[in-house]
Structure formats: structure tokens, C-alpha cells
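This document starts with one chain, in the form predicted alone, laid out as C-alpha cells.
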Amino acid sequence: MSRTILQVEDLHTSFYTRAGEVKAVDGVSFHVDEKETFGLVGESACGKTVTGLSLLRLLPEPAGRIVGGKIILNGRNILELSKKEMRAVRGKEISMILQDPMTSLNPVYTVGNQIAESIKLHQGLRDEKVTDEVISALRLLKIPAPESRIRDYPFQMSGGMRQRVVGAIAMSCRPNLLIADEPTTALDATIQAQYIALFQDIQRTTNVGILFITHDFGVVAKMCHRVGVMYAGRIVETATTSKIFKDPRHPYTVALINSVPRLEEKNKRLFSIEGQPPSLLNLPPGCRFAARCDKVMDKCREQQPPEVDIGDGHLVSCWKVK
């Protein structure tokens, strides 16, 4: 049995605006084990990225606040740590790869300097030892000629290489947990496949647990061991990847999978989910997917369905599931 690196319990994150409280993450629970990739899937603005930023405690203050729950990383609740203690955790025990490498990398510093910053802070190394660790991080991400590339600036690299450099920064101190926020979105299909294979190779080498945030079920099928399907701030279904594809139970999960184009159905109109997600400023009292669900009942509009375990850790929040 692999040990559990991350345990998130009933996490609530809100943004307080002039219009009111935006419940971006509203009671999310999941875990990530060593050597496991857990996928967090859903439409844009469902709370995936805010969940990742909450785990790092990097919410924009004072508007963004974690208002409830627990984030247990390596056996301790990091919500109880001071800001100084949390700075020692970021980069060393938990790291994040953001979606756009050009906004993550500083254009006026070489990639070597940017990777070295985390190594100096968390490992206390200097001079040649730092350079050796930077080269090792670039080599881990399979960047060719790392001895010379450490002197390059971000603009001298392709989009795929920049994404690898961001990965090298995140992995430079060999964290236990890596959060990857849609890292393949800006890559073309060929480079995307290479990047996914690279993630899998890194995981085999380091045993890192990965929280993979995406909206692409094709990436989920290739990359993830388990999946949490997120809608309007809540996880509505959690299961192994094979079960999600073979036996999806929540209507939203079914609709998402049906939205994936199929090559064998050339002349068939693409499936789309009717309607829009609810406003997180004014959430409905019942199931948040009720207004868009083709199986809706009166009960769905009145009461939030509880999470039900239908076997082998397959969790579903739907009144239709018993």
C-alpha cells in the first residue's frame, strides 16, 4: 500500500467581493497517494485552480480566504502553519506547475537562475553545488544540453521547452506532491503526448504524487489513476479512471464524456451540455447541476444530494444513485 501524501477534508474557499461571497470551493474532499496521479476534471471556473492554489495557500488576499476544512500534507494540517512555516513547505514538500509558462518565468533572468532560487532557499547550497542541482533538474525533465541551456533566457526557448523548465523549477527540490494545472493546454498534440510520457517517467523515478488539473478527458485517460469530477465548487463523482469511463454515474460526468469527439462518428453532431453553470454568488439550494440535467426530479431542486459510496471507493453525489 502506498502512503497517503495529501488528504483534503471538507475544504471551503471563498472570495469576498462587493457583490457578496463567491464560494469557489465548497466542501471538497479527496486524497492523493504516493506514486499516484489524481485528476481533477471539470468545466472552466468550476474551482479546480482555486483548489490547487488553496493547497499552496497562495490565494489573493484579502479577498480570497480558506474558511473551513483541513489540508493534511505528510501528516500535518498545513492550515495551522504560520506564513513563515508555509514558505518552507512550498517548493520543498509541495510544488505547482501553472498553465502558462510565459507568465510563470521571469523574462530578465536566465532559466538557471530561476531554478537555482528554490534550491538555494530549501537546500542551502551554493556555487558549484547549486549549478550541479540545476543541471540535474533540467536533466530530470529531459532538456537537452542542460549545461548550456542554464544560461538561456525564456524567450530563447520553444513553448514546450519553457513548460519543461517550469517543471524543472517545481521538481528541483524533489517535492512529495506536484500540482499540475493544465500544463498541456498550450502544447500541440505531439508535444502534449511527450509531456505526458515525461510526467509518467518522473513519477516512476521520484515516486511523486501528482494532482493533475485538466478539462481534457483524453489527457485523463492517459495520465490519471483516479479522477474527481468537479462542478460549481464541489466534487460530484470520484472513482478510478477505468470506472469513470466504463461506468460513469453522475449525469454531469456522463455529459462530459459524451462531449468528447469520437473519430468513428464522423457525421454525427457533437454533443453539448445545455445551459450554464450556476453563479457561485447565488447557488441553488439543491443539486447544482439540476438546471442542466435531463434526469432531474423535484427533490434535486430542493436538497443537495449526499455523497454515496457505491463500492470500491466510487463516490457519487446524485439522488438517482443508491
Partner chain sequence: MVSIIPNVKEKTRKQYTGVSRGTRIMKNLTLILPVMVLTLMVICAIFANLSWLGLPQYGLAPHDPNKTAPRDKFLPPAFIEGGKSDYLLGTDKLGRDILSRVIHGARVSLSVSLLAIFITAGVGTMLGIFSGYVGGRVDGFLMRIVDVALSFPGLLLAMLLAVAVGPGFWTVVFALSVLGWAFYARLVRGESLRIRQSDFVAQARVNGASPFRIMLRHIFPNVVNSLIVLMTLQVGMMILSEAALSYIGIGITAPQASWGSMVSDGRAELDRAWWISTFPGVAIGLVVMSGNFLGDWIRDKLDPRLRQV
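From a predicted model like this one, the values you see are computed outputs, not experimental measurements. Residue numbers count along the first chain shown, from 1.
Keep in mind that the form predicted in complex with the partner chain is not shown, yet the notes after this line are about it.
With a 4.5 Å cutoff on heavy atoms, L79 counts as touching the partner chain in the predicted bound form. Although the partner is absent here, P284 sits far enough away that none of its heavy atoms falls within 4.5 Å of the partner chain in the predicted bound form. Taking the partner from elsewhere, K35 is found to have every heavy atom lying beyond 4.5 Å of the partner chain in the predicted bound form. Among heavy atoms of G27, none comes within 4.5 Å of the partner chain in the predicted bound form. The chain is drawn here without the partner chain; in the predicted bound form, the stretch among 68 to 76, 126 to 134, 204 to 212, 171 to 179 whose residues come within 4.5 Å of it by any heavy atom is 68 to 76. Contact annotation for 11 to 30: residues with any non-hydrogen atom within 4.5 angstroms of the partner chain in the predicted bound form are Y16, T17, R18, listed in sequence order.
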